[in-house]
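To begin, one chain is listed below as structure tokens, in the form predicted on its own.
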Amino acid sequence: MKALDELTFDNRFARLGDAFSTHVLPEPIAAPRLVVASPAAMALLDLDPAEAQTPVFAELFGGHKLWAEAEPRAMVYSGHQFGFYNPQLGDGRGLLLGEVYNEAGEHWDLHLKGAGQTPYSRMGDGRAVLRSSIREFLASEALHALNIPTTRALCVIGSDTPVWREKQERAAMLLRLSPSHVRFGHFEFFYYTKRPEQQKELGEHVLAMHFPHCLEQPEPYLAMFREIVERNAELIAKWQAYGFCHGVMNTDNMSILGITFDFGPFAFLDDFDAHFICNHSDDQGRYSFSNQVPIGQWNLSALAQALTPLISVEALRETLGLYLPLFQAHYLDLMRRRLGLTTAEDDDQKLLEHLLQLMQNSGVDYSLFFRRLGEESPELAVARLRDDFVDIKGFDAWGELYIARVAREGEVDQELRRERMHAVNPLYILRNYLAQKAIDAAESGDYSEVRRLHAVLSNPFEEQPGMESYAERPPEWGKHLEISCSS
């Protein structure tokens, strides 16, 4: 395990030069203090977890100190926001401090969010508030624990620095880790500003750093794009399977690595609602839960347009055609496992769609239903769950089909079935009301609930003694919290 001053930097993106990013120093926040840290994320840098308790930890990630080898840069990019192209984007409140490589040879970007104004702040103050920093910290670490690809969060540092949003709040900084912070919008920026040399330089950098195996293919850029399509199809399949709604799937919020990126007004489903809109600023429902699948394809099409100088239109179109079949295959595989099925049958899609429609009509808790379905034998579980449905007759009909479907797989030891289903059906998810309770306490200076919730969510599949309240259905007020992009 390493101390903070033993990190090894290799700032590969910074070496691309000023056409790709601007050198900016962090603006320190007043009285920096640790809110929460993730030992699992610290381990990615080989850092000793005890380092989080040292004064220099809060000073480094609160903008007061900087490693000599760090080279903080604000990245430039553009993107489509709510379907419309915006040429004036970039790191408006975040800085890529540098890239660190660990003893396993992995490179990790250190990206400090809330670090102050940059040339891309667009009239903003460059700050992040405590509530949004806590939400991103909890979400990224919770998604990782659910085996959903995501950026990681190393820590949140609180402060006494006032910032104004709808009301006066306090600034905070979040240290985000990722193998890359290159977005779809990076390629769009150089495409729409007609800079083919920089576009190619960016492409060569991304290929060499993140898709080196594609260099062995006859058409490396096409091989890279195909993998980006494959990764995003699998990512969004996992979002849909676990009821995660991102809320603001602009192309500047899409990672070329196919990982969950730029948390804003996200939410996990409580009651199942295919039309759920988690961002109250999304008046048209563009980024509703069910729309995430077609929007994923739309965003990939926008990236494909930006890559036309490097790849033929015909090859791009053919590769885009892989997205929906790949999504469907990944999604159905995940949902079979959530239903406790180990084989595939042609009617499984209908069985699933029938269930989701019944859940939609009855407001059934999405996560708890699947967890409880694995608690007992199919017959007992169906009998116990039927009271959650308004259309009991309809659910009974589904239950008969489901029991027969499980029976066709042959006799299975119930304890083995329970173990297998619980390994994919979480007991604990990051519900908005749980996050809000932790934020309310943190804004009063009590960080214990943030830390406790993080610990619970880090082990979502196993029952944790004394933590029963974190697995309950939310109260009615907790289902209707309004979350916006404001941070």
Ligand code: AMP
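Residues carry their position along the shown sequence, with the first being 1. Please read all numbers here as calculations on a predicted model, not as lab measurements.
The same protein also exists as the form predicted in complex with the named molecule; that form is not shown, yet it is the one meant from here on.
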Next item on the list: Give a yes/no on whether G126 approaches the named molecule to within 4.5 Å in the predicted complex, heavy atoms considered.
Entry: yes
Check: Using heavy atoms and a 4.5 Å limit, would one call E99 a contact residue for the named molecule in the predicted complex?
Finding: no
Notebook entry, point to check: Taking 4.5 angstroms as the cut-off for heavy atoms, does D252 touch the named molecule in the predicted complex?
Noted result: yes
Next item on the list: Would you check, heavy atoms only and a 4.5 Å threshold, whether S121 touches the named molecule in the predicted complex?
Entry: yes
Next item on the list: Just give me the single entry in P179, G90, G258, G203 that has a non-hydrogen atom within 4.5 angstroms of the named molecule in the predicted complex.
Entry: G90
Note to self: Using a 4.5 Å heavy atom cut-off, which residue among Q305, Q357, S312, Q81 comes into contact with the named molecule in the predicted complex?
What the structure shows: Q81
Checklist line | Full three-residue contact with the named molecule in the predicted complex, heavy atom 4.5 Å, for E141, Y242 and R418 | finding: no
Check: Only one of 195-203, 91-99, 362-370, 267-275 gets a heavy atom within 4.5 Å of the named molecule in the predicted complex; which is it?
Finding: 91-99
Notebook entry, point to check: Which residues, if any, of 143-177 lie within 4.5 Å of the named molecule in the predicted complex when only heavy atoms count?
Noted result: R165
